[in-house]
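Just the one chain here, laid out as structure tokens, in the form predicted alone.
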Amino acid sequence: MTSTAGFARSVYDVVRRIPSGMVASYGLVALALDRPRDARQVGRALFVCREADVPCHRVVNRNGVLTGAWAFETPTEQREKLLSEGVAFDLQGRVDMALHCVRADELTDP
């Protein structure tokens, strides 16, 4: 396994820990991997993810903005999936991070 593939696998493992109805930021996922400067690499790993059990839609930017619309089949798919899980949005269309952002300790191994 290459280091890039190994990093992607680690990203997927962390993202699988995000419970339904919650989100994490790219930076929070990177922090959980002890690679706090690698938020963009987290995004790249999620973009190429083809594993159906990885809830990529639960990763948003640090301000709750849905940034992955281009990675889904339709521009509204990410929002629709989050809404179906009970995630609330503010008037600007951002995820209410105060209510729905997972804690960092929930993303790391016990």
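Just count from 1 along the sequence shown to find any residue number. Everything numeric in this text was worked out from a predicted model, so none of it was measured.
The protein also exists as the form predicted in complex with the DNA; that form is not presented, and the subsequent description refers to it.
> Could you confirm whether Thr108 comes within 4.5 Å of the DNA in the predicted bound form, counting heavy atoms only?
No, no contact at 4.5 Å.
> Counting only non-hydrogen atoms and a 4.5 angstroms cut-off, does Asp38 reach the DNA in the predicted bound form?
Output for Asp38 is yes: heavy atoms within 4.5 Å of the DNA.
> So, Val59 and the DNA: in the predicted bound form, are they within 4.5 Å at any heavy atom pair?
Answer yes; at least one heavy atom of Val59 falls within 4.5 Å of the DNA in the predicted bound form.
> Given that the partner is absent here, does Ala71 sit within 4.5 Å of the DNA in the predicted bound form, heavy atoms only?
Although the DNA is absent here, Ala71 would touch it in the predicted bound form, with heavy atoms inside 4.5 Å.
> Taking the DNA in the predicted bound form, which residues of 22-56 have any heavy atom within 4.5 Å of it?
The stretch 22-56, when checked against the DNA in the predicted bound form, contributes Ser25, Tyr26, Gly27, Arg37, Asp38, Ala39, Arg40, Gln41, Gly43, Arg44, Leu46, Phe47, Cys56 at the 4.5 Å heavy-atom cut-off.
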